[in-house]
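Just the one chain here, the form predicted on its own, laid out as structure tokens.
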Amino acid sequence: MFSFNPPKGFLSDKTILITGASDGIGKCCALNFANHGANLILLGRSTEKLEKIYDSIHTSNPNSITIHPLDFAAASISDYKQVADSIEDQYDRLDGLIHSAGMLGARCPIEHYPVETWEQTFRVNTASIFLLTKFLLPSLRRSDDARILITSSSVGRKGRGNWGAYAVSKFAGEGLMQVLAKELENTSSIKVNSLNPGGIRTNMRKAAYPAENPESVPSPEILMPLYLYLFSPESKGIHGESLNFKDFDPLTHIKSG
């Protein structure tokens, strides 16, 4: 299993935005990145959950924390622009963007898939990545070493029946990562990758596998050494890669720093 033990405050000069921060992997990232000194912008659907995370972080860390409730299923283009404008006003740059928000949607054959659910799932899983990244790229370009990390899935790398819009939207996220990585590799210092976390104990996993014993699946905490590594100077040579937590080996992916 991959391990990484950075200095406690190695992110103290970094500002990182995390989507899906009110639950699951996004919440775990928020808590861990705060413990390593990052200034955080937390996006999530639940105001109540975001406020609890804010309180938890604020009591033990002096970091700058901004919470921004936003429901990607209903968000307009102006909502995304407002997020970008707010960041422009409050921070001189953005050093990281973690796309962790996701929607499972329906689990059924394409023939019976609800059209409205299909469109909603793509708004959450694909449009949010495109729109946030598009409007935040100017802020990310001002960083000397910015990172964009898109949360992927095994069903977004190899199709599987009855996974519908979730799988197809994750394929789209992989494509977006590859296109963006090619566009940025010679025009900026921004590094773009995707990460398949594998089976992790989250509410989405519970909805997908209701009969599964949750104790048989690892918690999001197991992912944190890799997430932290991907925002460290040591991973500067990793770009345009579709990473898997289960078999991650930095020597396989690092090209040139």
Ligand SMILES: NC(=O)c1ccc[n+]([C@@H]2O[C@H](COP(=O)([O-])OP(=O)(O)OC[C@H]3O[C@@H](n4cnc5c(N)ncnc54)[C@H](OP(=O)(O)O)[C@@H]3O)[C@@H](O)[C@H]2O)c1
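Everything numeric in this text was worked out from a predicted model, so none of it was measured. Heads up: residue numbers just count along the shown sequence, starting at 1.
Beyond what is shown, the protein has a form predicted in complex with the ligand; the following relates to that form.
Checking T126, S153, S139, T133 for any heavy atom within 4.5 Å of the ligand in the model of the complex turns up a single hit: S153. This chain is drawn without the ligand; in the model of the complex, the residue among D71, D79, D85, E183 with a heavy atom within 4.5 Å of it is D71. Residue contact check for L11: none of its heavy atoms lie within 4.5 Å of the ligand in the model of the complex. The ligand is not drawn, but in the model of the complex it has no heavy atom within 4.5 Å of G240. Heavy atoms of G198 reach within 4.5 Å of the ligand in the model of the complex, making it an interface residue. In the model of the complex, the ligand sits beyond 4.5 Å of every heavy atom of A146. The putative spot formed by S46, Y166 and T202 is fully lined by the ligand in the model of the complex; each residue has a non-hydrogen atom within 4.5 angstroms of it.
Screening 228-236, 189-197, 55-63, 30-38 for residues having heavy atoms within 4.5 Å of the ligand in the model of the complex returns a single hit, 189-197.
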